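Quick heads-up: it's one chain on its own, the form predicted alone, in structure tokens.
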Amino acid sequence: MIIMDNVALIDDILRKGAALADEAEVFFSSGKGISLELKGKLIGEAGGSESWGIGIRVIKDGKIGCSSTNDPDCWDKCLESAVSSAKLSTPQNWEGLPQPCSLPDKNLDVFDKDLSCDLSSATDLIERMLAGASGTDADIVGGSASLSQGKTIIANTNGVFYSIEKTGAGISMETISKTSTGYEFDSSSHIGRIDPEKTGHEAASLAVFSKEGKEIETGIYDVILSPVAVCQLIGSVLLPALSGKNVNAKRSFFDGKLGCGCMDTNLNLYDDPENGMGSALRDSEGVPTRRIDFIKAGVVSEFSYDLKTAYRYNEKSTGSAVRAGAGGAPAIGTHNIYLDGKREDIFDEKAVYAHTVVGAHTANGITGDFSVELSNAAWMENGEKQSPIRSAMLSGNVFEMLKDIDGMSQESRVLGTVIVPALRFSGLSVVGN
């Protein structure tokens, strides 16, 4: 339900904003949540939170000003601050905030009416994770459970008014067995779609399996990256390279490559704003969202833009604006990323399997070069992990790897707002200890 006081407040801001600037926009967010921390097998700190905030943006003669507040009684000062900041900003080409338009009549399935942000629900998730991890030789190091409910509204002086409510549930567990560790997590917009028992069991099993790891000789190997490892690498390298801002600033591998076949012909990468936790019919600037086919059959087909970047480079917004909250300015982001292609059994023949990688954030976002540590690695053959690998480093180039993929697993894993399969590669450099 939309609280009418908030609607009236937004109307007041827009009415006064229209008198002070060419255009005005209000981004409103409110929410509540609860989180529990697991210390060993005992529930440690519990925290509850409530938030309320508005972000105001005004445009005057191509100059953009922003301000925010979490005090509803200070909205007029916040508006004045946004107007003042616009006067000091550098003007740019500006073609206007979005206009009202019809939206698809679609249930985005991002709100769970059965999710309650209460202590008993969070405690139940923790206890179920502990039950899943019981009966193994692994010790529980820590973990967490969190539940949240939130609402956002985007409105502007052109008549756009869009609201959406979302819920979220997340869990994680870290374990240790001798010197080996295991970590697993799960998240969803619906509490009934996460599996605490499986999360706890997998976290414990990873630690137990990896504790008798053997060294691997430095060499060239076939390598399978789990969905988690794939997500870590593409999130650090591939997705930033598809930002229109980075491309036009020549900070992207894809600069000058629009329309070129740069990836494996079996690779498709797209942003679907209607199917996943990040779904929305309008982005954080009120622009209608749509599917963005970044890579189609290996060909670079689109880049993502928000309004400011699109106007600067004579492009059109792709509905890709996101905000960290009311206090954050719009920035280019994604909604629900899918990596897809022809699926097959990639686990039959022997390969090095990596559950996660450590250090993906240190990869060169422009060239794609990386060197990461493999975590919970193992030899895999005939669909099963055969023996653990104690320690190893994987080095290479993300873009070169994605030019020649040996296969995609039949199943994908949902990792928040990223949905990806495991990927198999040949001829990768693995450095043993």
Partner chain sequence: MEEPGYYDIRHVKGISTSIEIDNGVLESATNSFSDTAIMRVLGRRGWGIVTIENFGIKTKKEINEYIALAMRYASVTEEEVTLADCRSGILPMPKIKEDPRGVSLEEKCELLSGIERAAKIEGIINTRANYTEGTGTVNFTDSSGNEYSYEICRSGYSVSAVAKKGDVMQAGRESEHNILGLNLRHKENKGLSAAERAVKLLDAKPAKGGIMDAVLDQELAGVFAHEAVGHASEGDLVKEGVSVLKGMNGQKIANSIINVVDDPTLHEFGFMPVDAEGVLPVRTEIIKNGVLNAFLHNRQTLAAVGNGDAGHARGQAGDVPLVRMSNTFIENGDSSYDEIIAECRDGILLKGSRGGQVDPGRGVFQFNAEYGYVIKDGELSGMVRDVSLTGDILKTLHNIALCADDRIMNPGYCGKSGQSVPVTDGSPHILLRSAVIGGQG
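Please read these numbers as outputs of a predicted model, since none were measured by experiment. Numbering follows the first chain given and starts at 1.
Separately, the form predicted in complex with the partner chain exists; it is not shown, and the next lines address it.
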*Which of these stretches, 223-231, 258-266, 100-108, 359-367, has heavy atoms within 4.5 Å of the partner chain in the predicted complex?*
359-367
_Is it the case that residue 71, even though its partner is missing from this view, gets within 4.5 Å of the partner chain in the predicted complex, heavy atoms only?_
yes
*Is there a heavy atom of residue 193 no more than 4.5 Å from a heavy atom of the partner chain in the predicted complex?*
no
*residue 45 near the partner chain in the predicted complex, any heavy atom under 4.5 Å?*
yes
*Examine residue 373 and determine whether its closest non-hydrogen atom to the partner chain in the predicted complex is within 4.5 angstroms.*
yes
_Selected contact from 157, 136, 188, 252, since only one has a non-hydrogen atom within 4.5 angstroms of the partner chain in the predicted complex_ = 252
_Partner-contacting position among 290, 343, 312, 211 - heavy atom within 4.5 Å of the partner chain in the predicted complex_ = 312
*Establish, in the predicted complex, whether 13, 339 and 421 all lie within 4.5 Å of the partner chain, using non-hydrogen atoms for the distance.*
no
*Residues in 14-42 close to the partner chain in the predicted complex, defined by a heavy atom within 4.5 Å, in order*: 34, 36, 39, 40, 41, 42
